[in-house]
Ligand SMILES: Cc1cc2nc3c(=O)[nH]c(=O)nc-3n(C[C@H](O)[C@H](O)[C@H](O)COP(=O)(O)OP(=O)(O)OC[C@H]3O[C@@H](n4cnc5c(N)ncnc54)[C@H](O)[C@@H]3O)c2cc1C
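One chain is shown next in structure tokens, namely the form predicted alone.
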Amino acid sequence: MATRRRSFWGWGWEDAALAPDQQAALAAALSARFGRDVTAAPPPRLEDLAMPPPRLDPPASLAPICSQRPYDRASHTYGKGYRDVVRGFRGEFGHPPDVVAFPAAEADVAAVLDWCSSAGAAAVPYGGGSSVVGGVEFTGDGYAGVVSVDTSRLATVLEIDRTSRAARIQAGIYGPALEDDLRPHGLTLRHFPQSFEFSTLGGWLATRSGGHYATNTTHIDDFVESLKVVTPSGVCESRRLPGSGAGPSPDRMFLGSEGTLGIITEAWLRLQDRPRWRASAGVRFQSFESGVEAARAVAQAGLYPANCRLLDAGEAATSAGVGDGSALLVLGFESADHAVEAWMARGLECCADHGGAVPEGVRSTVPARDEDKGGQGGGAVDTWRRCRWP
């Protein structure tokens, strides 16, 4: 069976690209919107790329886990920021990595870093490649070449402590695969950045990722018990403790380091029981400012909603289908322990105090369906959820 491939120049899967008729329809819509002729250009083809030849080759001992194929070099050149996608669409791949390494074990990571040190090559950690700040791109001088170190083969849940609700997980696992592995144990990490589908645990840790549950456990930091990192000078592993006041935390040195200090290979993370009760509502406001006041009231009431996200009128229209010019507050509560209707009722009272209306009512599931990202089916909230995570 053929393996599904990611686009080498843009976001998503190669086989999920817009068909020619869809491109033409989009171009026509943009032409009408901006009053000028817009045409759809063809996407780049891998065989047409003019990439420079590799400047170095891996040693025989590492050749089995290394690639210099055009697809691998091109797909590891850029992240997924707007500038990256534009350059990729134009076929501008003048500075691809010379080698892409796919370590399958911690020892492989150490061996690749040892080779890079001895060969004078730059090593660039690569998780899911969803960086929007240039985190996977290298164009500096003074190196014999560039090696992209792809962690996607380090993708296993190694150990689960069900009593303490924690797990030891390899850093290359993607968001959906992680939740799939935890689901049979009734557990979840419940960390959903917008790049969830195409980003990895190691990338979340190295960038201090924030999820869309932004009123309680927001950043990936909140879940970390310990880290294991392979650096050019050796392996650094912090102790797994529920908490420590013994001076600076070594984990904090690597969280947000963007891969500059080493390659994170695994971590112990705090987990949660999977939610059973959920309730959500799309609260509309005549002005964004009144929505801000309501969101502040909900946050300061100590209700700790699972989701409390305010969309301005533009985003509400494009991502949630709200066409009346309203701002939309996506409000949600969930629990593995108890029903959440009382919390939702109080949250809506806070919103009503600032002019909020709920024309579609509250969506509740008791117990909740197992929907990973907290959707409750139907209406503007569900439209927003599907737009955020197709």
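Quick caveat: nothing in here was measured; it's all calculated off a predicted structure. Numbers follow the displayed sequence, beginning with 1.
Just so it is clear, the following notes concern the form predicted together with the named molecule, a form of the same protein that is not shown.
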With a 4.5 Å heavy atom cut-off to the named molecule in the model of the complex, the contacting stretch among 294-302, 245-253, 278-286, 133-141 is 133-141
Query - E258 within 4.5 Å of the named molecule in the model of the complex, heavy atoms - result: yes
With the partner left out of view, is S75 within 4.5 angstroms of the named molecule in the model of the complex by any non-hydrogen atom?
-> no
Practice prompt. Examine G128 and determine whether its closest non-hydrogen atom to the named molecule in the model of the complex is within 4.5 angstroms.
Written response: yes
Whether N307 contacts the named molecule in the model of the complex should be assessed with a 4.5 Å heavy atom distance threshold; does it?
no
Q. Non-hydrogen atoms within 4.5 angstroms of the named molecule in the model of the complex: do T151, A171 and S195 all have one?
A. yes
Exactly one of G262, P103, P96, G88 comes within 4.5 Å of the named molecule in the model of the complex through a heavy atom, and that residue is G262
Heavy atom within 4.5 Å of the named molecule in the model of the complex, from candidates R270, K80, H185, R240, belongs to K80
Across 174-211, the residues having a non-hydrogen atom within 4.5 Å of the named molecule in the model of the complex turn out to be P193, Q194, S195, F198, S199, T200, G202, G203, W204, A206, T207, S209, G210
